[in-house]
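A lone chain, given as structure tokens: the form predicted alone.
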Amino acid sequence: MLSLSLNFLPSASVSGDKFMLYFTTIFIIGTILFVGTLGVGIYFAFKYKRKSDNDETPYIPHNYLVEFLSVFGISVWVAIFFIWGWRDYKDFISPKMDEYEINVIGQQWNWQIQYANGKTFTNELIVPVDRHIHLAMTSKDVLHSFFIPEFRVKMDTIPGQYTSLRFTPNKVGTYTIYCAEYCGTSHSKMIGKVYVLSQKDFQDWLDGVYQGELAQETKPSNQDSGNGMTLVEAGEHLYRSKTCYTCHTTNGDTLIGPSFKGLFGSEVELIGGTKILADENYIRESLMDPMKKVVKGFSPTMPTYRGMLTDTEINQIVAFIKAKR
């Protein structure tokens, strides 16, 4: 590939390969243009150097054809790279049908990695190769930035809202997670690892029967984030323990509030006629500030859960509502 010539840091994801091809193409073209422009400038400096103090600078009229072709040619190149970059960026941020979703919570000074089976790992992300991965991320305290150099991906984690990071690892191996946003005293120590396994090994790992090299070398310490329950089961437990069922059903029936059935990913009309997408941020905001966006046809009676739910519990509720799609 063209990118191999300048790929000093190996790429280990589909987005990384695309970035390196894009970057290398720009670098090579830019270098050629720089050297060419500099060379012509030096050549003209010597060729048209004044021979004596009596030499007069000749009058050089406009050449509209050259000016037009120069501007037109630059415009074409800018358009090509814009369309190329936009195409790759749009593919990067677009949800995929078979994504494997993992929750990430940034905090001073580590990463909490939360899986659908309820297990939480600190600074250790285990993913399968050649599988679309979606990280739903937030922060407990300040801004952090989740950065995996080999994947060429980086995204801020923001207190009070979700951000998304998508990538598709294409090489089995171990890679490093950095925080790329200064977040306090131990910012430089906020480092984690990404372990990319084959799809079979990853399934064995999920099932608790993985016996490969990773199990012997890392032995990642983990803890249950829901007393042995999956995220969906823990979310259902909260749904019942917080008596959400008195206002919200899961079968489509309407009570005091909207039903959770088919809610996630749908378009919700608010009082006033505004329509928004019911995504992770909408659910989180509805829990923390329920009066801000009230669904049309319902009264603003829901209490706030600000300070009553942890980020982990919010992830569990979101997972539960997602499961009712």
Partner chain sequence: MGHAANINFYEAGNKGIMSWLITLDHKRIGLMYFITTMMSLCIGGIFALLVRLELMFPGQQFFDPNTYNRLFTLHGAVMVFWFIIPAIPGALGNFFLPLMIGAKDVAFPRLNLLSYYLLLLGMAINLYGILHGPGADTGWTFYTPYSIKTGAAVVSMVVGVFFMGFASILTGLNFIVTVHTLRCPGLTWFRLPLFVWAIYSTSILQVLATPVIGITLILLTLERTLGIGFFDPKLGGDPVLFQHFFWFYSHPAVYIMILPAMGIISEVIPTMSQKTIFGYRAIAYSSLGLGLVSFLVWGHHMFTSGQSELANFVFSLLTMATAVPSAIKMFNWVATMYKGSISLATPMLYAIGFLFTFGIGGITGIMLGVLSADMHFHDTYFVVAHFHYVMMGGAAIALFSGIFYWFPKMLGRMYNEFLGKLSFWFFIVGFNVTFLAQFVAGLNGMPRRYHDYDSVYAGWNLISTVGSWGIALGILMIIINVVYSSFKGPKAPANPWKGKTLEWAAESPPVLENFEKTPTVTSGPYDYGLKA
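Positions refer to the first chain, counted from 1. Computed from a predicted model, the values in this text were never measured in an experiment. Just so we're on the same page, rigid core means the largest C-alpha set that superposes within 1.5 Å between forms.
The form predicted in complex with the partner chain is left out here; the points below concern that form.
Can you pick the one in H187, H248, K119, H134 that has a heavy atom within 4.5 Å of the partner chain in the model of the complex? Going through each option in turn, the one that passes is H187.
Of these, F92, W205, Y175, Y239, which has a heavy atom no more than 4.5 Å from the partner chain in the model of the complex? Of the candidates F92, W205, Y175, Y239, F92 is the one lying within 4.5 Å of the partner chain in the model of the complex.
Determine which one of 123-131, 228-236, 98-106, 150-158 lies within 4.5 Å of the partner chain in the model of the complex, judging by heavy atom distances; exactly one does. Comparing against the partner chain in the model of the complex, the contact stretch is 150-158.
With a 4.5 Å heavy atom cut-off, would you call P61 a contact of the partner chain in the model of the complex? The answer is yes: P61 has a heavy atom within 4.5 Å of the partner chain.
Hey, in the model of the complex, is G262 touching the partner chain, heavy atoms inside 4.5 Å? Looking in the model of the complex, residue contacts with the partner chain do not include G262, since no heavy atom lies within 4.5 Å.
Quick one: is K171 in contact with the partner chain in the model of the complex, heavy atoms, 4.5 Å cut-off? Result no; K171 lies far from the partner chain in the model of the complex.
Can you tell me whether S75 touches the partner chain? I mean in the model of the complex, with a 4.5 angstroms heavy atom cut-off. S75 belongs to the contact set for the partner chain.
Even though the chain is shown alone, can you say which residues of 70-90 have a heavy atom within 4.5 Å of the partner chain in the model of the complex? The stretch 70-90, when checked against the partner chain in the model of the complex, contributes S70, V71, I74, S75, W77, V78, F81, F82, G85, W86, D88, Y89, K90 at the 4.5 Å heavy-atom cut-off.
Core-aligned C-alpha movement of Y48 between this form and the one not shown, 2 Å or more: The answer is yes; the displacement is at least 2 Å.
Per-residue C-alpha change between this form and the one not shown, V71, threshold 2 Å, rigid core fit: It does, since the V71 C-alpha is displaced 2 Å or more between this form and the one not shown after the core fit.
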